[in-house]
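Heads up, the chain below is alone and in the form predicted alone; it's given as structure tokens.
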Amino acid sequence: MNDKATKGTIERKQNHVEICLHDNVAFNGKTTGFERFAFEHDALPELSLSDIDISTTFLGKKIGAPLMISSMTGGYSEAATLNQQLAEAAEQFGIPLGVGSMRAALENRSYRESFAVARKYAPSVLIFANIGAPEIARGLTETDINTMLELLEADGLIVHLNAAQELFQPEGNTDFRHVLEQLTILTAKIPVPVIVKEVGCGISASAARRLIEAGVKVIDVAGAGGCSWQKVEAIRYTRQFGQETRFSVPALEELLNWGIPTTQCLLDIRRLKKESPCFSDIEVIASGGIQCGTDIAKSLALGAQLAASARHLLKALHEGALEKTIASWLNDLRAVMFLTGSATTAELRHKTLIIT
């Protein structure tokens, strides 16, 4: 156990939460693309709003709605309270939950409870462990894998790809060699599905193909247009070193807004799945700027199995309105289903989207 490394990890996690809550970390001018799409209205929906079923299945299990509380935090004392509250909401609505990076739990046993609390308060829902690409590249031991999965009684493992974040992070690890090689080894031996997600720059069709061929079962696109983790780390860099970044002024704006918009990722991966029938059973999560139920609905029509949100739900939790926010998003979803004549989420996936 490296106490210095652990302390740095903990401070970084605390900084991340505070910056996401209180600073402007949105993309500048680049959007998710959801605003470009609208559903074709059905003037004869032929159903009752009260009969609409928003449940769906994910990884073979029925869930209450096509929404996931995405990976946020863990690994320091205050995170235990956050993860408890997130878990309680996930259990209430019957939706999946991902925890934040579990690197701290592998470095220091004393922070494991901040993750384990999630399963304690969400005993019946899908919960996913989480680790970063740099840790994958170095190779996880059997002990590492078992620790993460057993702490949560996890239903899967999320591996997050965060090259742009690491590039801007003051103490970032930019050695991404052997990630795919080690990921292939991991998927072959791990007893649960592996989900790979970006953290806000998106996953292209070509990257998705390589991930699927490596044995990944779920692609979480985590596209551009929501939270820019480059901006989060640039803020940390400025506060730590008193200057903006190491990069030139002309390039900085482009780098801070680097990434593939969420809807473009969804369209590209949907096309990949159609062109490659052997990929048809791969499930897709839409994340990156999800902020209401209409975004969830459009995500389904663009090929996702469900949508996921982190920052917007974290802010709602901070304001004491997490359950209210989730409930309103699900009401948005029901409204779209009613106005498109979709009695189920399966029917919604086949409804027409118009480019506006």
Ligand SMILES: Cc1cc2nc3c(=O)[nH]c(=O)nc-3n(C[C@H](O)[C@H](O)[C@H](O)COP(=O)(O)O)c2cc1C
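All figures in this text were calculated on a predicted structure; none of them were measured in a lab. Position 1 is the first residue in the sequence shown; the rest follow in order.
One more form of this protein, predicted together with the ligand, exists but is not displayed; see below.
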Inset, instruction - Could you check which residue among 140, 284, 104, 72 gets a heavy atom within 4.5 Å of the ligand in the model of the complex? - result: 72
Legend entry - Contact segment among 94-102, 264-272, 211-219, 185-193, judged by heavy atoms lying within 4.5 Å of the ligand in the model of the complex: 94-102
Inset, instruction - Considering only heavy atoms, tell me if residue 335 and the ligand come within 4.5 Å of each other in the model of the complex. - result: no
Legend entry - residue 17, heavy atom within 4.5 angstroms of the ligand in the model of the complex: yes
Legend entry - the ligand contact in the model of the complex: residue 229, any heavy atom under 4.5 Å: yes
Legend entry - Contact flag, residue 199 vs the ligand in the model of the complex, heavy atom cut 4.5 Å: yes
Inset, instruction - Note that the ligand is not shown here; using its position in the model of the complex, name the residues of 126-148 with a heavy atom within 4.5 Å of it, in sequence order. - result: 130
